[in-house]
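Below you'll find only one chain, the form predicted alone, shown as structure tokens.
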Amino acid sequence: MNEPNDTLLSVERLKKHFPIKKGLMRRITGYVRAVDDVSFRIRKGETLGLVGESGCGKSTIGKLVLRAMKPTAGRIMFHLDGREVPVHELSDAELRPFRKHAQLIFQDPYASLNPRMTVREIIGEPILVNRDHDSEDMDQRVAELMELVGLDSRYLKRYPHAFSGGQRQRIGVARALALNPDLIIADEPVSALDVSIQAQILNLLHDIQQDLNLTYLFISHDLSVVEYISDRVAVMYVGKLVEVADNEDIFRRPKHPYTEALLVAVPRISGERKAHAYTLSGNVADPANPPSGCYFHPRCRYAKDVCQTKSVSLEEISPGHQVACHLASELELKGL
């Protein structure tokens, strides 16, 4: 598949199925389809927001892109300096140089920092492991990173317990930037923080992106956060992408009923319930035993017979707007 010149990451038909083992002999009796035939691309310098309910497979996609786990099937192509790196095929030895180009910001700033290491050691560890600088240069680089994320370099010898949650996440951001990556995967990076601190971290990520020309895959369940930081948004439901579009289209003109349901659920300061507001019925589909047809049809108030019997994949209904819904051209859905 030919990719535009501005593509940094392309994912094609990505799958990750976890075996279900039962009985004394631990025989495989089925599979959990955590990621089920997902395709998307991310352009250089943009932020793609990946949103959906807990357990839909968002974080699994992040781990697959970084090759923290191996995909069951599919292709993950990283485009660097005119060459394509097949991340899904890399050996363990080949993964280390690749990971200089893609780094992760963790969700929990308290659990992701080693309490026995100083800030200097935490931020400097990627540099030391990859032998990017000698000892003196490393100290200078760590100090620069501290200043970049808004922390005083005088605190390099302090331990994580001496910092607040927001400051700890800044340390995590500095660690992710240590090797000058091209892609940052931010996995729920502000969900464990107070709302006021969330805004500070989001502004920091935005400013750093502008300064360093970074590309983000921003994973979150919070639509307000995704709306603020994302250029494009991908909506995920039970291992599948159901809608991908520019930020404005997703939030103002959704085309998938699940996207509409997520938007309706966004709380408003006024406390007034919208006239078209409704609550989804039923439970999230079981990824180990998904329903036939469209996975969302048991909970969809617009579902027809075709939705129950015929599977559906992403199709482009307008430039840059992809939807996996049989009724996308018929429905007039409400946005924010």
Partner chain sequence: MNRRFGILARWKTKRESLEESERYYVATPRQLMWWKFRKHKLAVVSLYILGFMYLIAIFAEFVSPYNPNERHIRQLYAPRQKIHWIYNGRFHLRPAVFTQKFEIDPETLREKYYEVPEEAYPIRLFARGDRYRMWGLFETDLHLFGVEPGGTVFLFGTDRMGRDMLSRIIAGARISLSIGFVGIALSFILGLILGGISGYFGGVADLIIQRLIEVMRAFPAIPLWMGLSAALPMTWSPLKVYFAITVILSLLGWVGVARAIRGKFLALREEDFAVAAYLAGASKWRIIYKHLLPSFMSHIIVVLTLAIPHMIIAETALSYLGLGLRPPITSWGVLLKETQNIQDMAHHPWLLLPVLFIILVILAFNFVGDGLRDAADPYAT
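None of these values were measured; they are calculated from a predicted model. Positions refer to the first chain, counted from 1.
From this point on, the text means the form predicted in complex with the partner chain, which you will not see here.
Contact with the partner chain in the model of the complex for L66, defined as at least one heavy atom pair within 4.5 Å: yes or no?
Yes, L66 sits close enough to the partner chain in the model of the complex that at least one of its heavy atoms falls within 4.5 Å.
Considering only heavy atoms, tell me if E125 and the partner chain come within 4.5 Å of each other in the model of the complex.
Yes, contact at 4.5 Å.
Would S112 count as a contact of the partner chain in the model of the complex, using a 4.5 angstroms cut-off between non-hydrogen atoms?
Output for S112 is yes: heavy atoms within 4.5 Å of the partner chain.
Hey, in the model of the complex, does N130 get a heavy atom within 4.5 angstroms of the partner chain?
The answer is yes: N130 has a heavy atom within 4.5 Å of the partner chain.
Does the trio R116, Y159 and A162 actually contact the partner chain in the model of the complex, every residue with a heavy atom within 4.5 Å?
Answer is yes for this spot.
Thinking of the partner chain in the model of the complex, which stretch from 78-86, 92-100, 240-248, 200-208 has heavy atoms inside 4.5 Å of it?
Flagged stretch: 92-100.
Tell me, which of V226, V142, L104, L217 has a heavy atom within 4.5 angstroms of the partner chain in the model of the complex?
Selected residue: L104.
Using heavy atoms only and a 4.5 Å cut-off, determine which of L179, L263, L183, M146 is in contact with the partner chain in the model of the complex.
None of the other options qualify; the answer is L179.
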